[in-house]
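The chain below stands alone and is given as structure tokens, in the form predicted alone.
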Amino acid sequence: MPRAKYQSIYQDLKAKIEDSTYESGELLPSENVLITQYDCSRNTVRRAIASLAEDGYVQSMHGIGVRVIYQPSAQTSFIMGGIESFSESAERNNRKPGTRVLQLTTLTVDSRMSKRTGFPEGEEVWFLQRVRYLDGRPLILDLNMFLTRLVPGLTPEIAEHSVYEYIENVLGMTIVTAKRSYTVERITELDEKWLDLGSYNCMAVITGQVYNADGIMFEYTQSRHRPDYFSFHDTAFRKKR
């Protein structure tokens, strides 16, 4: 599936902001300069800038320009308001990713699982557990459930690479919305078994439900992170009253 022009511009500008080609506090080149530089329309540039603003990289100021507000973090950062795959997050943070599949099987949703996940009782789901590595260190334990009728043909090889890439580029499904909760929880036996926890006795836990373009929840996920190695970033906008 070809990438839209504005997405390529977004990625290029984001990379230049992250490597300090455009430093924090500096103005980006003007719209006219960017239009010439990327050989595109004004609307395409504006869509790329709007995406950067949504992700907290820039702020548009009327009559002044677009100022870089990105501040690099020593920790691996995850975007709270966006939907990224693990490999996409690792790439953005200049980390080397790795994945080990611990379990991939199918389950039928019972009443207890339905209350916990939001899947209708009686649905069949994939149950997937993976250890995520960054720069060779096991730091995340992921549990995912996918509706088998919407995500058929899942294999350990796909799960080790990228399920989202398979969903979007092979199955052609559009991933639209995620609802998440963020908690701090005590470590479990599985955390201790599979992760490099150091002296930590708690985990940063992100639980989410992900929906496609038809408004169907096709994924439930729980991602358990070692707390000192990660930070979660959000960009908030105050609404006019």
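What we label the rigid core is the largest C-alpha set whose atoms superpose within 1.5 Å from one form to the other. Because the structure is a prediction, the values reported are computed rather than measured. Start at 1 with the first residue shown and count on from there.
We do not show the form predicted together with the DNA, though everything after this point is about it.
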4.5 Å heavy atom contact, Thr44 to the DNA in the model of the complex: yes
Partner proximity in the model of the complex: Ser181 to the DNA, non-hydrogen atom cutoff 4.5 Å: no
Touches the DNA in the model of the complex: Glu192 (any heavy atom, 4.5 Å): no
Touches the DNA in the model of the complex: Cys40 (any heavy atom, 4.5 Å): yes
The single option of Glu31, Glu54, Asp196, Glu185 touching the DNA in the model of the complex, heavy atom within 4.5 Å: Glu31
Val176, Ile216, Met61, Cys202 - the one with a heavy atom within 4.5 Å of the DNA in the model of the complex: Met61
Flag for Asn212, CA shift 2 Å or larger between this form and the one not shown after aligning core: no
Large Cα shift (2 Å or above) at Glu192 between this form and the one not shown, core-fitted: no
